[in-house]
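Next up: just one chain, as structure tokens, the form predicted alone.
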Amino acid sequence: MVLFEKARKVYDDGTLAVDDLDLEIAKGEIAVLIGPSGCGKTTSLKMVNRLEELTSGRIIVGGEDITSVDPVQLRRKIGYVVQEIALMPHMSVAENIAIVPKLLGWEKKRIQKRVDELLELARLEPTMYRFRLPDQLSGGQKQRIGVLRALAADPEVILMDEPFGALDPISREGLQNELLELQNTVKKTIIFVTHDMEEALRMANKVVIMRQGRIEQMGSPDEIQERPATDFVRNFIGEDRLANISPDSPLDTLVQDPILRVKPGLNASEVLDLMEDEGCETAQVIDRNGKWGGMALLWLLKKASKKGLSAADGVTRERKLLIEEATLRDAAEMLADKDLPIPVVSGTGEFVGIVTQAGIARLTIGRLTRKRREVLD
């Protein structure tokens, strides 16, 4: 369904982002592209719908060379889901889902039927959600609508760029399950970019591990885990990490992105609105240089908001761990005392990420299931 033949992307400044990529993704397959930052995974994804133009080589979608198709028409035939869903705030849920079908000239009755059909597939009651505005939805619900919008015109190919990356672990896992269930019904060809190895192994029929614009290894999740081709792959999938994890292991195995980052200059009331939209009770305050300014807490923000103060006046700076020094034991003890995210910072004050109880649980489950496979083998 999607074929990369020596696909290459070189930017004007000479940066080689994708280097002679050869990859075939079959009809109905979920192919997950993963690798370290700058490996070319997102650029490869964007070349499929010509948001990034090929420098050389070919990409074939449904038997058709993408360069022979007008970019606008091509994008209307390919679904696209990104982390920042960017629903039109003045449009209802139904109107947001219907954007592409309207552009394609579908009849009104056909559009209405399609919108209701998709809402039912996502277990969102049409009569309840059809006329809601985006600001009346939770973060997870917005993400669902973004996926439905990509499916609306019934495209054969859907591109997903870290679609669940901004969600909390529980919402993320729920949406992963929903997408897999939905895929059993719609059977689309999906190219999915993530930085989360657990997500890749869970979602993919085919895992494509990239490094410096090239494919380091690809195969089924079982093949990747059981027969890593190189030391890079072995370390990247975390085999050694899971096998050798101990209470004194460093924190880097647990660090994840927060649900919400805010700038210190925002009003406390603005941050409260953002937290309500995302359904979370904390936010990390980070300045333009990446320096951590504290963790905003709901009850502190409410106090600051009543006085008309900024987000920086509703934070705590006491709860944190240093990435260079802290261990899994330190994080576990702090989380056992209080179930709040733990900000992780560098010795020079840069924000690294957060550690949560759900992150420790996932790591433990990953280790236990790996050990079980070893016993069964």
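Keep in mind that this is a model prediction, so the values were computed, not measured. The numbering used is simple: start at 1 and walk along the sequence shown. Rigid core here is just the name for the largest C-alpha set that superposes within 1.5 Å across the two forms.
There is another form of this protein, the form predicted together with a small molecule, and it is not shown here; the text below is about that form.
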Open item on the list: in the predicted bound form, is there a heavy atom of the small molecule that lies within 4.5 Å of any heavy atom of Val355, even though the partner is absent here?
Closed with: no
Open item on the list: So in the predicted bound form, is the small molecule close enough to Asp116 to count as touching (4.5 Å, heavy atoms)?
Closed with: no
TODO: Decide whether Ala17 counts as a contact residue for the small molecule in the predicted bound form under a heavy atom distance cut-off of 4.5 Å.
DONE: yes
Task: Non-hydrogen atom contact Glu216 with the small molecule in the predicted bound form at 4.5 angstroms - done: no
TODO: Could you tell me which of 342-350, 304-312, 31-39, 318-326 sits within 4.5 Å of the small molecule in the predicted bound form, going by non-hydrogen atoms?
DONE: 31-39
Open item on the list: To verify the annotation, which of these, Asp257, Glu95, Glu281, Glu270, has a non-hydrogen atom within 4.5 Å of the small molecule in the predicted bound form?
Closed with: Asp257
Task: Contacting member of Arg130, Arg75, Lys291, Lys263, with respect to the small molecule in the predicted bound form [4.5 Å, heavy atom] - done: Lys263
TODO: Compare the position of the CA of Pro221 between the shown form and the other one after a rigid core fit and state whether the shift reaches 2 Å.
DONE: no
Open item on the list: Could you check, with the core superposed, whether the Cα atom of Leu266 shifts 2 Å or more between the shown form and the other one?
Closed with: yes
Task: Threshold 2 Å Cα movement between the shown form and the other one at Val352, rigid core reference - done: yes
- [ ] Compare the CA separation of Phe351 and Cys39 in the predicted bound form with the one in the displayed structure, and answer closer or farther (the difference is at least 3 Å).
- [x] closer
Task: Change in CA distance between Gly35 and Gly353 in the predicted bound form, which is 3 Å or more, as closer or farther - done: closer
